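The chain below stands alone and is given as structure tokens, in the form predicted on its own.
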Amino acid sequence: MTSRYQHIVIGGGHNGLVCAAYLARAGKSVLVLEAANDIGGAARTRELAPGASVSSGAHLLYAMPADLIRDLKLTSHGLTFSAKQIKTLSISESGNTITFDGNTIAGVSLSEEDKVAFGRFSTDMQRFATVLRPILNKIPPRISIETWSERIELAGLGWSLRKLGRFYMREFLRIIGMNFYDLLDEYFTNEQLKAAIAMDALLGSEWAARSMGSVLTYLCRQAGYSHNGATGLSLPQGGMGALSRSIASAAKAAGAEIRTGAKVKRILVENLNAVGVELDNGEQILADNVISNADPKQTFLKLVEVEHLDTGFVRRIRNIRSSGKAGKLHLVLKGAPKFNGVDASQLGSRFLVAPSLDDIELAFNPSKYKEYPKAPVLEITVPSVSDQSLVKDGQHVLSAVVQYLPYDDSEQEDANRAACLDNILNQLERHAPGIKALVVKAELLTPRDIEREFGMTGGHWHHVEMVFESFLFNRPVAALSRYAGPVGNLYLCGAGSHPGGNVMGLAGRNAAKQVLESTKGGN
């Protein structure tokens, strides 16, 4: 059986769906092929126990641009929010709580100097994030000045930096390559405060606060925050899968077809051009262009046969940093947990467990040697507080990002996972006494589990680590920085492409723009 489309998108994660929606809106015939039985990738809602559902990967929305939501009319396709502008609380065993609400903080342990410094820090970081914000929305420019359009593109990047003024331009250039540990020491004295701020730079990363370039990852997150209008940290009603379903609905309304349970075995290549795909069942589907939402390693080391690629290119793809260090905890609880120092009215907040920057480093260090931390740092949500559709009979679900877990492919994987889960539950018990007695079902996904469930090489949520060597002109590698590479008519649109991970859809939108520009005048 052979059929033909103008564009085939491999992978029905949110970026693949966004890409498909924009291509279909341009009047193109588009087919999305998703290996799983449901769309969404890591932005998927699934049942963990009878009557209790969780966001299986990403569990908070904060970086999707408001203009993308408006452009695709996602609210008309079912997207609603159970909570917006969610506050962040850094919690501790002693009950010392720091509350983050926009550019203000509160907490009995905070000095007036740290409170004032936080306002200055927030203003500074938002100013620097404005340099990155326009970059996220664009196809990375070529590093050449052969044409006037290329010169103008590069000049635009320089101008966004120059607009900071002499002092802040110098400051931006001073800090952008720094480690976040040192930068936070320049502003603050409170250790719990510094650790809580650092978590925004480190979630999903394979590095810690002392790693060079961690300031860059923080500023990228701040640039994402600035995109989303008044939404802030938010929870889609029905979990993150509801967001993916709304994008899929927008894509189908524009004419795209979506097939689930359709695993791509290989990308068909003739004369160094992609001409279609072959599925696991042997079915071949032809296309003028193939766009892969899979990570770069899976795309070029598994789906494209190596005979079509230069050995140097293959070596660079193999050397991409894609070793995930973030795990995911899911709990079904028979009642509401009670965290130390947290009022019942605050239970719908985002909670951070990170006592100090040194505690973050101590959690990170074992993962370098494929060992599990005794006290991982956590980002916790209890989404059922604001979204009762996720549970029944007074139950609650708790989701937590767990930093830093190793990619464990040892024979002791199952035993190690179970021991780590016990450590996490004991840690939660110290912060929320009695929570262990509430647990009905517990699940811990390690990076290797995430690789198995979502198909991400190394279990890395961002497909490729956000570091300078894989940023902008070099993401994921220089030869693929504009979503296209050495195989003609083959494009990338996933988190491994510019501007990177998180649920924002910009890689998908940018890739669609590149495909349409590259095929202008053709099919």
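All residue numbers refer to positions in the sequence shown, first residue = 1. All values derive from a computational prediction rather than experimental measurement.
One more form of this protein exists, namely the form predicted together with a small molecule; it is left out here, but the text below deals with it.
A residue is said to contact a partner when one of its heavy atoms sits within 4.5 Å of a partner heavy atom; Val467 fails this definition for the small molecule in the predicted complex, lying far away.
Heavy atoms of Val477 never reach within 4.5 Å of the small molecule in the predicted complex, leaving it off the interface. Although the partner is absent from this view, Arg120 stays clear of the small molecule in the predicted complex, with no non-hydrogen atom inside 4.5 angstroms.
A residue is said to contact a partner when one of its heavy atoms sits within 4.5 Å of a partner heavy atom; Lys263 meets this definition for the small molecule in the predicted complex. Stretch 450-458 is the contacting one of 66-74, 479-487, 46-54, 450-458, since its residues have non-hydrogen atoms within 4.5 Å of the small molecule in the predicted complex.
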